[in-house]
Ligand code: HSE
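Quick heads-up: it's one chain on its own, the form predicted alone, in structure tokens.
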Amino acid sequence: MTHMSSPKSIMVEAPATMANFGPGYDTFGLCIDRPVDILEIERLDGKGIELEVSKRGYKVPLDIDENTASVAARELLRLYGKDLRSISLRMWLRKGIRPGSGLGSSAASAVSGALGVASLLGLKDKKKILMAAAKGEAVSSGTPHLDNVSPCLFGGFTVVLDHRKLDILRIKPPQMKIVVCLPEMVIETAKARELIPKHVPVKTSISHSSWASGVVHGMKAGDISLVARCLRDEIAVPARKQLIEGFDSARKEALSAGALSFSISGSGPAVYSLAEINHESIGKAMVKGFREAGVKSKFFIAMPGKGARAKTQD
């Protein structure tokens, strides 16, 4: 009987995600196909984890106790009971998702670290990979959220049914185009969370339940207009838009250009719209809206993504 040897090197591509998608605060997440983080992991002889960050990407911490990729990798080993003193890894990260953008930057690195090590060692338990990624994400955001790491790991549209039990609902979304606009400002997730109201009126709670149901149904039915109509939020967006200078102006311009919706991705400052036509015009309108407020920005058009992928290097 022939035993396959484990690969010595793995490359992971981990895509951006949009958490709090519409009315699903801390619950809904959508994977998009761009931008991506790229992580290469090589198994070496020796002990410990070495981390290198490419100068061609965005800057992130080099300390393995502060980088979400290395923390997630180490947590994955711990969850599987691997002796950290007997494993040596070299990690090389090219950070393609801007930190503090609202596009799941820290989650992408965390997922790449957990999935990469799991793939390197032939470990396949997705719940443990998810758990390890959430631990890595917590280094950046303060708490182990699943609304970014879930869509990054699984792809498509995800609903966190139970954080404690890691119970995730996975739905394949329609092939819709998402117009994303990223202004040149950084918002810290922890700071943005502090603005969320501790108490919500019953009327608001009812509205969110209705909209959330519409989003889920629209995703399953492939009804883009229904999804767009239900991408509303009266909890997080009103509290957080004050951090995004030019939000109202960009929203007005986007809707005037034909956007069917306008909301904040994650903690922001990235904003996005759904539309069935005129995507380029809507993106340019968003940039114009921010420019009128004295804020530089750029837009891109994304599609739903398939989640993080690990490839053998040798």
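Numbers follow the displayed sequence, beginning with 1. Since this is a predicted model, take the numbers as computed values, not measurements.
Keep in mind the form predicted in complex with the named molecule is missing from the figure; the text below concerns it.
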Against the named molecule in the predicted bound form, would His145 count as a contact residue? Criterion: heavy atoms within 4.5 Å. yes
Would you classify Ser261 as touching the named molecule in the predicted bound form, given a 4.5 Å non-hydrogen atom cut-off? no
Would Thr189 count as a contact of the named molecule in the predicted bound form, using a 4.5 angstroms cut-off between non-hydrogen atoms? yes
Close approach of Lys135 to the named molecule in the predicted bound form, 4.5 Å, heavy atom: no
Which listed residue (Asp26, Glu245, Glu42, Asp33) meets the criterion of a heavy atom within 4.5 Å of the named molecule in the predicted bound form? Asp26
Using heavy atoms only and a 4.5 Å cut-off, decide whether all three of Gly22, Arg232 and Ser273 touch the named molecule in the predicted bound form. no
Looking at 281 to 289, 261 to 269, 246 to 254, 58 to 66, which lies within 4.5 angstroms of the named molecule in the predicted bound form, counting heavy atoms? 261 to 269
